[in-house]
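Structure 1 and structure 2, given next as structure tokens, are two forms of the same protein chain, each shown alone.
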Structure 1
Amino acid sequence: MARVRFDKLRKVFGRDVVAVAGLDFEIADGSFVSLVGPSGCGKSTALRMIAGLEEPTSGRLLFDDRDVTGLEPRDRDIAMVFQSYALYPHMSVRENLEYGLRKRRVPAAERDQRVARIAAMLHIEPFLERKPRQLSGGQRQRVALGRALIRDPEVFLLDEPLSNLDAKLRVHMRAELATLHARVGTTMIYVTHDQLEAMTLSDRIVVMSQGVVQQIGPPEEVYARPANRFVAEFIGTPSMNLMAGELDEEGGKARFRRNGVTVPLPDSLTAAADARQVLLGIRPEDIRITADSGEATIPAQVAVAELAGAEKYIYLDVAGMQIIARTDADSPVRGGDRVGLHFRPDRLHLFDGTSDEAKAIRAG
């Protein structure tokens, strides 16, 4: 196992296409870290630089205190699982698992021991003599994982390995990956555009956009305290509601105003910097819907009530914009209803209207 340290690592394609802009953070030994963001954010390029498949434009990459920036992939002691299973179709499962060990001239007895250990760990013992075409998608994904794990690498890299699976199988494989990491303890770096995968699997997540790290932290911290508007909108399903408006004061208390709607702000959101134009953020689960649309509540009209299994997503028209609330499935709210909303004051977020950064803001 190894610590992985990015030291101002940068990748530029051509003259001015910045794929990765100065990564500068450390991944702890034995941790499970996800690089997450939309397509084109630089996460796969970062993973390819760790693997040695892409040469950095500048900066360094270190495993523990060993500089591996200029090393060939075979000299880095890493193993990688791709989106495609990349199994040899003419080989049996056993031969696929053994292939890397044979190339390294590992003795036959040790090869047999490692295959037996990995096959038992991944529950693929019955398939060892089958060819990949005789396996299901989930079974092939296990073989691909096994072929990487059998080498006992220092660093284990996964590039969207579950994206080709159907929804039910993805849930199952997420659980298997989490169990696998708990067993082997290898440093795992996981690339995905699916923020749910990142949230459920990781010790820490690295949120990226346009080659720049937006926030690093444990999943619960990134969800509860997003650093900026991008993270607030990207992390969470449905994403955080954001309402553009301005701040003022009444009776010495800050409040948010938009098109006649007023939201009192708690003292915890007072002030490190002056600003008037802001974004008020609230998660869907932190909105309570009542039948009362009077002065003590935020008036709203229900556009659509969407059943999603054990929950309902309630789409609401508020002050000229649409927001989403999450309720229990048995909520009586229906499309067309006029309702009142209560925002949990301890779950409100403020973002600067110019920089989009999260901050405690004093009314100007």
Structure 2
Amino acid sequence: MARVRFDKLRKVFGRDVVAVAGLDFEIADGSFVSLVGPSGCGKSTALRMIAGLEEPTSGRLLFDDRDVTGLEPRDRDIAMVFQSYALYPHMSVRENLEYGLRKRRVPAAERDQRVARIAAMLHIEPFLERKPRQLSGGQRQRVALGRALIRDPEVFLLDEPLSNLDAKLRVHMRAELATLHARVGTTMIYVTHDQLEAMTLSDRIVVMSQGVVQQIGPPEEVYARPANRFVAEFIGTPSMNLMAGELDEEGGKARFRRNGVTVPLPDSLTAAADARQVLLGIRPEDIRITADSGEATIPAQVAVAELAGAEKYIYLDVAGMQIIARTDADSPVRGGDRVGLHFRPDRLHLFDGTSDEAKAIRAG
């Protein structure tokens, strides 16, 4: 097991494709960390640099206090699960599992023992003598996990390991991965574009966009206090509602204004704002819908109410913008209704400016 430290790690492909613009953080020993971001943001490149498959343009990589930047993959004591699984097609499942042990000259008796243990743990004993092509997607996935686990590596890397599975199996394997991590306790670094996977599995998530880290933190924190507009929109489904408007003041009270609609803001939020043009953010579940459009509420019109099993998504028109609210499934609201909205004041997010990097304005 090891702590992994990125020291200004950077990767540029060719002359000017900046895949990773500079990673500078630490992953605690034994933790489960996800790199998450849209496709092309540099997650795989970051992971491949940890594996030694991609040479950094600059910066250093340390396992504990050992500088591994220039080491070959085989000298790093890492294991990796590929999105494609990359099982050796001409070898049986047993040979696949054993390959790494053979390369490390583990004696036959111990190899058998370890194969037996891993096979039992992942429930793949019945397939040990089969070839990968004779296995289903889920079984291949287990073998790929097994091949990585069997070596008992210091760091365990996973690049979108679940994305080739169908939805149901994915949820199942997600739970198994969590159990597995709890059991083996190895440092795991997990790459995914699926924010839900990242949220459910990780101790900490690293949100990336265009090669740049946007925010690092425990999932709850990243969800509750996104650092900027990008994170706010990327984390959570449906995404956070964002409304562009102006900061304004009336009688010493700060408020947000857009097309004649005003939202009073807690004082704590506005103190730090520089710009007058801001984004107001509110998550769908933090909007309460009332039938009366009284004084304290924001008037809105319901476009569609969509039932999604245990809950309903209400698409609302507010001051010429569409926003989404999430309610219980038994909400009586229907398309065409005129309603009043109430935004939970402690759950309002305010962003300084309207660009992707617009910083969240924090109290204090």
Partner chain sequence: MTRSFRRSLAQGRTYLLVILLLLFVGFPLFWMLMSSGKLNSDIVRIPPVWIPFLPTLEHYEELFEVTQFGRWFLNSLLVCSLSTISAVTLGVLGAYSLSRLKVRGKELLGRSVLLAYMFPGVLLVIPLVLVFTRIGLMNSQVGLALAYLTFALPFVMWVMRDFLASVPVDLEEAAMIDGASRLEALRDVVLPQAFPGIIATGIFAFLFAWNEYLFAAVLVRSHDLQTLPPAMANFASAMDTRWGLIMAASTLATLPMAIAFAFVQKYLITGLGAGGVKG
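Quick note, the numbers are simply positions in structure 1, starting from 1. Remember, it's a predicted structure, so these values are computed and weren't measured experimentally. Note that the rigid core is defined as the largest set of C-alphas that superpose within 1.5 Å between two forms.
Only structure 2 comes from the form predicted together with the partner chain. The Cα position of S136 differs by 2 Å or more between structures 1 and 2 after fitting on the rigid core. Superposed on the core, the two forms barely differ at D152: its CA moves less than 2 Å between structures 1 and 2. The two forms, fitted on the rigid core, differ between structures 1 and 2 by 2 Å or more at the CA of E125. Once the two forms are overlaid on the core, T354 shows a Cα shift of 5.0 Å between structures 1 and 2.
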